[in-house]
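Only one chain is given next, in structure tokens, and it is the form predicted alone.
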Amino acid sequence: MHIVVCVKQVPDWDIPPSSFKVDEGAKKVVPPPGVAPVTSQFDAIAAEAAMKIKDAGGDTKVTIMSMGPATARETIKQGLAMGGDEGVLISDDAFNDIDSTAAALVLATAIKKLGDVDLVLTGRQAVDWDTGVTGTLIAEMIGGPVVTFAKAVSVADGKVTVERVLPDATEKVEATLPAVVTVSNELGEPRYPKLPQIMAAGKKQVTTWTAADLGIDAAALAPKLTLEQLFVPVVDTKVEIIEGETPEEQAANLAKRMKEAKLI
């Protein structure tokens, strides 16, 4: 059984949004200086799903895969410390600032290059752009089924069983392998590696592939999505205090003011 977990390194999602700036000319988010990037929240939970499958027994290998700059190696190392067996870093200047379709193409090509993958796990969405389509696109490109928003994942007899989250319920579905599953936060918090596991992760192999290694040319990465504008929306908040000697008078004055403002 070979599981690939796709993880993405993103600006630290746990710091206040006001700390980020937007370069409207370059159409880029500028993270605050001195704050190290981290693993996207849902991707770390996808890694936890892989470790639960591995813990359940059987001969299971977990590959942690990330596309990004050299610093993304740290995100891979986190997955290896959680229990992953090997890492693949896909890094090339040609992959900078590509859209979700191109990112899925790169990841799908790398997964095919591995050649023996039974299950691909991703987060339900990345916490930087929140598009939530990469996992589904990977499934289309490798020719396998996809199950989204998983809160529990298990594998047996050549099938993956997934309990998935719906707006007002949950449902259990099966898919034949190979398959792709996108994992949601309802699965639970990712395990925290201990020092011996962190030290052991430093000795595990991380292979680096470039665009040339994958046989991908620039034309294949042409964007399908055009970013027209990136900006911080203007928030204009006004506060009005409704006076009154009693709660009843305050309520009557509030109703009167709302009628004047044509809210009721």
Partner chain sequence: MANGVLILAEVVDGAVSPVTAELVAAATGLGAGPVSAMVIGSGVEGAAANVAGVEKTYVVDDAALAQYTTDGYTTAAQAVAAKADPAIILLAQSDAGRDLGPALAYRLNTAIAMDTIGLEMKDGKLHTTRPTYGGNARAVNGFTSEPAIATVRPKTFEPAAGGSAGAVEKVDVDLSGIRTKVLSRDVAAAEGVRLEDANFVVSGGRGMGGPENFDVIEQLAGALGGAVGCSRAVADLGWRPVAEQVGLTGKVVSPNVYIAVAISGASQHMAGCSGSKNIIAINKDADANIFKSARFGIVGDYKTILPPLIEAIKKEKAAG
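Positions refer to the first chain, counted from 1. Worth saying up front: this structure is predicted, and the values here are computed from it rather than measured. Basically, rigid core = biggest C-alpha set you can superpose within 1.5 Å across the two forms.
We do not show the form predicted in complex with the partner chain, though everything after this point is about it.
Residue 131 is the only one of 131, 71, 96, 154 with a heavy atom lying within 4.5 Å of the partner chain in the predicted complex.
In the predicted complex, none of the heavy atoms of residue 114 sits within 4.5 Å of a heavy atom of the partner chain.
When contacts are judged by a 4.5 Å heavy atom cut-off, residue 223 counts as touching the partner chain in the predicted complex. Although the partner is absent from this view, residue 145 contacts the partner chain in the predicted complex, with a non-hydrogen atom inside 4.5 angstroms. The shortest heavy atom separation between residue 17 and the partner chain in the predicted complex is within 4.5 Å. With the partner omitted here, the stretch from 208 to 216, 52 to 60, 32 to 40, 226 to 234 that lies within 4.5 Å of the partner chain by heavy atoms in the predicted complex is 226 to 234.
For the partner-free chain shown, 147, 148, 149, 161, 164, 165, 166, 167, 168, 169, 170, 171, 172 of 147 to 172 come within 4.5 angstroms of the partner chain in the predicted complex, judged by any non-hydrogen atom. Once both forms are fitted on their rigid core, the CA atom of residue 224 lies less than 2 Å apart between the shown form and the other one. In this overlay on the rigid core, residue 22 has a C-alpha that sits less than 2 Å away from its partner position between the shown form and the other one.
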